[in-house]
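Given as structure tokens, the chain that follows is alone and in the form predicted on its own.
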Amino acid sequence: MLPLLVWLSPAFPVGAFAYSHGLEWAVETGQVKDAATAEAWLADLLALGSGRNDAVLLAAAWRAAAATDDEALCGVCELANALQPSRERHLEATQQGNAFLLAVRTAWPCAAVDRLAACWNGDVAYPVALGVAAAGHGVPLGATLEAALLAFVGNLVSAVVRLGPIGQTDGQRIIAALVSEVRRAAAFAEASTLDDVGSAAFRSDIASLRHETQYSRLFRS
């Protein structure tokens, strides 16, 4: 499972630091203003929003790559791109996914990643790219899901810290408090199918749309 520590490290060149997933707008409007509201926002993403959906998509991509089912994998790629609710979220998902694949093909090559490149010539969403690489390197699905969701939380906590409503200690408290939610979301996704895709985190989706015209911005989403 050591590859996960490398791939999900802030040092891996996917540019995750540049995206706030709409949180910049939520902070600007006071919807996320302290540790409690930040934790609640992220918990909803894990249980009801993009965190949940990304985990389901990752699991589907992992299974398709493990089974060398190119048709199923292309279907997951197409669905993952279509599910993004705004231009900026599409950019966030696909630019990180494309950057991840470029780095993996260069430094961590495997047959599954080569098969993806051969069967799909479009953008690849980040969770799909990670699922394919993990399957190709024999990394267990459950561990991949937990690590990916924890990295998702960690990156968004870092964004909130940089935006100012919370400090680093509060950020670590939020991450620790959400570990149980991460495990719950990962367990759900490991047993999921694509029929389980669904979101009710509307404020997050609206925030990503509003961020596109936000006057002053630190982040790309």
Partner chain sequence: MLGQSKPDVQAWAVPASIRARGVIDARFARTGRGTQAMALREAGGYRLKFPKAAGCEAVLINTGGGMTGGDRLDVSLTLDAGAEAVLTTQSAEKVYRSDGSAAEITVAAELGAGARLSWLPQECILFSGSRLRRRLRVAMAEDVTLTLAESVVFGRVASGETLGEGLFDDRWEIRRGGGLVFAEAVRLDGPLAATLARPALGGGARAVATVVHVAPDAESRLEDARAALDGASSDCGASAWNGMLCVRFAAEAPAVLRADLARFLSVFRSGPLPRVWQC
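As the structure is a computational prediction, the values presented were derived from the model and not from experiment. Residue numbers count along the first chain shown, from 1.
There is also a form predicted in complex with its partner chain; it is not shown, and the following applies to it.
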item	value
Interface stretch in the predicted bound form with its partner chain - options 142-150, 128-136, 105-113, 71-79, non-hydrogen atom within 4.5 Å	71-79
Residue 101: touches its partner chain in the predicted bound form, heavy atom cutoff 4.5 angstroms	no
Contact flag, residue 198 vs its partner chain in the predicted bound form, heavy atom cut 4.5 Å	yes
Exercise: residue 44 in contact with its partner chain in the predicted bound form, heavy atom 4.5 Å	yes
Heavy atom of residue 40 within 4.5 Å of its partner chain in the predicted bound form	yes
Output flag, 18, 97 and 216 jointly within 4.5 Å of its partner chain in the predicted bound form, heavy atom basis	no
The single option of 66, 48, 163, 187 touching its partner chain in the predicted bound form, heavy atom within 4.5 Å	48
Neighbours of its partner chain in the predicted bound form among 200-221 [non-hydrogen atom within 4.5 angstroms]	200, 201, 202, 203, 204, 205, 206, 209, 210, 212, 213
